[in-house]
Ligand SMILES: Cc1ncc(COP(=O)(O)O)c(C=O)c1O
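Here's a solo chain for you in structure tokens, the form predicted on its own.
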């Protein structure tokens, strides 16, 4: 076949978290080298166990015959004196009942297409979760018809960006550094990326003057800025935004008639402070808001099941038509028929944890607290190692699943890409160079996910410290 012409936007796309460094790591693994993949927030790939409650319900919903089988086995156990089994060896009645409830509410089980927006009962559960989280009542209550179930938050982000970018002059503001999903998607859809820089030395705080600078500079270049992305807690920085910073973004968006894309997938990964949602600060202000959440992060770590949702507030009318943006989002979702049903069920479980006092409640809470506690402890281990590295600084509180240290001292003629590649070759530690996320000119960083087991970190961190001090002083 002769060479073909393809979409040039796809050729221009870059996605550093699966770029040259992880590709080199995969090659090393094939050669038998041990690698430690800290380039991506993929908890179960690094040993985090699935939550028992989630997997019990999902397994029963996927194979409903096991519900009755479990009940019959339990009856036999109860009628058999001296059995070596215990009550705890059986799935609780509560889990069986939740599984039956899910199957009844679904109407069709997990093997059939759902509504394009996703199961109605899941969307209602999400609305209830938002109302509990943000203390909403009355007009502020979340509307299940404004909620779309998606194959992870990435799918939701791409849907919104695809709608907002109508031509090559349309721009989307993104924080620098940013998760490269946004830069790659803006490139893919033919739009303009408009960078704004949170203040690193103030803990990656947002500054209204910087937002205005970025907007005005883009406008002078003929860019029609249509939206602003905010990732809270941050990826790659881990920064957690306070209410005043969120209010600044909302004021800014209102002044310039922008939509807000609030990537809030790490809302459970706030270890020392409190998560504040954009919806809770927005309240009744008529600014379009797209809020994204996912089963991949938090303490769930169900990345491979690709579940998530998008809540839409204040959807605008579409110019030149009688349609509302919700109509186009539904049309867009309809083309893909529906998101996967396993992800939808896990999203339901994410927003509907076991009730206090129920049989699975204690174990669920124990697993949740252990995962979150260990994540924070591992982050603190890595931050302590930074203190032993010549010229390394790490700003801001610990949030999300990442640290984004600044490398103030590197050999002449090298950058953070060369550093991360050398670190990989010597220690097997897979990180992502800061330039893959964007950064202020003249600065160098890397992102590391603090997901490996503590014993593995205890082994590799001294090797990293030794490598770093030798490398930067070479």
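Residue numbers count along the first chain shown, from 1. Because the structure is predicted, anything quoted here is derived from the model rather than measured.
Beyond what is shown, the protein has a form predicted together with the named molecule; the following relates to that form.
Heavy atoms within 4.5 Å of the named molecule in the model of the complex map, among the stretches 306-314, 252-260, 390-398, 140-148, onto 306-314 alone.
With the partner omitted from this view, the residue of 237, 339, 296, 185 that lies near the named molecule in the model of the complex is 296 [heavy atom within 4.5 Å]. Site annotation in the model of the complex: the residue of 125, 281, 96, 153 reaching within 4.5 Å of the named molecule with a heavy atom is 153. For the candidate spot formed by 379, 404 and 448, no residue has a non-hydrogen atom within 4.5 angstroms of the named molecule in the model of the complex. Remark: residue 265 counts among the residues lining the named molecule in the model of the complex, judged by a heavy atom distance of 4.5 Å or less. Although the partner is absent here, residue 231 lies within 4.5 Å of the named molecule in the model of the complex, judged by heavy atoms. In the model of the complex, residue 179 approaches the named molecule with a heavy atom inside 4.5 Å.
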